[in-house]
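One chain comes next, on its own, written as C-alpha cells: the form predicted alone.
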C-alpha cells in the first residue's frame, strides 16, 4: 500500500489517481499511523515551503515521515521534493525535513526568464541506473511549475537535470529516497511511466 500524504497542499487526488492507474493500492491520509503501516510514501505539494512545514507539523507528521524515510521508498513531488532538503530561500527561518542534504534556491532574476518556470522541458538523465528513470531518455519531456529548485550537497544525488537558464536538479535519488521537481501526474505518458516505476519498486 502506498500512502499519499495529505496535508492540505497539492494535487493529492491527481497523484492518487495516477498511482492507482499504475496498479497501486493507495491510501490518501494525514494520519501518522497510516504512514508507518504503508509500504511506500508519496509526499506531493504545491504552494509555499513554510506553509507546508507548518501543516505537516500541525498533523504531527514529521516523526512518521522521517522514520519511514529511513526504511521504505519515498517519492517527493514538486514542493514535496523540496521539503526533503534542509532549508529554502523561500522560508529562511523554517527548516525543512533534512532527509536529504542541501538547500532550495530561487531562479535568479539575472537569468531574465519568466518565474515561475512553467511548461515542458527535456530531462537530461545523469544516473540511468536510477529505478525511477527506467525507460526514460534525454528526449523525454515532463511538465514543470516552480520558482525554486533544490541544490543537493551530494552531487551523486542528482539523477536527472533539466535546463531553464541554468541546469538544475529535476530528479534526485539516494538509496530509497526519490524526488521529482516536475509533476509526473501531469506529464502524460512519460510521467505515468515514472509513477509506474515507483509503484513497481520492490
Partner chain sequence: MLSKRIIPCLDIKDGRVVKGVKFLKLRDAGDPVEVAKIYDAQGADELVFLDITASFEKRKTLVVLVEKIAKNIFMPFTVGGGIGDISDIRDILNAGAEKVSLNTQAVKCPELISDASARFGSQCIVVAIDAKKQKDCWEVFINGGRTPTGIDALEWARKAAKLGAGEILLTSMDTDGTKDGYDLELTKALTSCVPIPVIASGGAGKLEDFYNVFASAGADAALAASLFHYQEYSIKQVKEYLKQKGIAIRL
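Numbering follows the first chain given and starts at 1. Bear in mind that the values here come from a model prediction, so they are computed numbers and not experimental data.
Keep in mind the form predicted in complex with its partner chain is missing from the figure; the text below concerns it.
- Judged against its partner chain in the predicted complex with a 4.5 angstroms heavy atom cut-off, the residues 24, 31 and 176 are out of contact without exception.
- In the predicted complex, none of the heavy atoms of residue 72 sits within 4.5 Å of a heavy atom of its partner chain.
- Contact between residue 143 and its partner chain in the predicted complex is found at the 4.5 Å heavy atom cutoff.
- Its partner chain is not drawn, but in the predicted complex it has no heavy atom within 4.5 Å of residue 63.
- Contact annotation: residue 164 falls within 4.5 Å of its partner chain in the predicted complex, judged by heavy atom distances.
- The stretch from 129-137, 42-50, 152-160, 167-175 that comes within 4.5 Å of its partner chain in the predicted complex, counting heavy atoms only, is 42-50.
- In the predicted complex, 113, 114, 115, 116, 117, 118, 119, 120, 121, 122 are the residues of 103-122 with at least one heavy atom within 4.5 Å of its partner chain, listed from first to last.
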